[in-house]
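Taking the form predicted alone, here's one chain by itself in structure tokens.
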């Protein structure tokens, strides 16, 4: 009996010591200033940043953190309640900022042309580079991913990359632009010319301060059969989807025009505006500083040969 009491007392001391260590770690993390997961980080205002720093940022220079939800959508958590955990989300955002401090992840959207270099032990130079158009961007947090598509040897090739994959060595945005649709999966059923890009493509430089250009190109699909029933989706980047009368009637029957008035459905599929502000208030200052550093490095790499006068 006496031995059991000693054992229980020893276990209690070990557990209490572990709890004290955990509390110390949490207090140290919460007490550090300017950490990306600290809710007390102030949002920089327009007047607190110098004019040169404001001009060096292309987008996201507004003090409103909601402007970042388009540039960095992966920082918003999954809206499903069963997947929400505030502590995990803060730790994920800390890991994401740590990863961004090691690798330059540029601003890009669906429709942008990217070049991704990943480490490959079987490649001749131990690295592999793929160029393609971003046809989909999904996921949140450390599970954010995007799909690049290109046509190689008359064969459509798609590669799914994890945005924060440690094997990614470099991400270059060769052409920054948007498209009319949030997904370009219909390029799978489009002619190859819409998905063909040269692997030697040079990056296109956009003047600083200009908005992201929107490419209003409308794609013509190949004849049926298609991989999906595109006539049932509200696609703005596809020109004149022609189907037979039976499929057209089924598409009209499958329409749900009342969903845009379903407030509860919209609430369940989105993050409230107040919570978005709180999330981006944690990481806004660090993202802003990384953007300024990226623009400075870009100006150092860019060299324009002077022209002779006269």
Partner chain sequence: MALRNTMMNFSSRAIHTSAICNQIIKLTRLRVVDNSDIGKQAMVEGKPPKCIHIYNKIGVGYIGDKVLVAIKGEKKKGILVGLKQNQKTKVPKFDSNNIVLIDDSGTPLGTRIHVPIPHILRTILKNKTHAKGADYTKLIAIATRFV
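Positions refer to the first chain, counted from 1. Please read all numbers here as calculations on a predicted model, not as lab measurements.
One more form of this protein should be noted, the form predicted in complex with its partner chain, which is absent from this view; the next part is about it.
Annotation: in the predicted bound form, residues 75, 82 and 265 none come within 4.5 Å of its partner chain through any heavy atom. Between 116-124, 93-101, 211-219, 235-243, the stretch whose residues reach within 4.5 angstroms of its partner chain in the predicted bound form through a non-hydrogen atom is 116-124. Among residues of the shown chain, residue 203 is not one whose heavy atoms approach its partner chain to within 4.5 Å in the predicted bound form. Among residues of the shown chain, residue 107 is not one whose heavy atoms approach its partner chain to within 4.5 Å in the predicted bound form. When its partner chain is considered in the predicted bound form, residue 249 lines it closely, a heavy atom lying within 4.5 Å. Residue contact with its partner chain in the predicted bound form: residue 149 places a heavy atom within 4.5 Å of it.
Though its partner chain is absent from this view, in the predicted bound form it lies within 4.5 Å of a heavy atom of just one residue from 231, 172, 181, 165, which is 165. Heavy atoms closer than or equal to 4.5 Å to its partner chain in the predicted bound form belong, across 179-205, to the residues 188, 199, ordered by sequence position.
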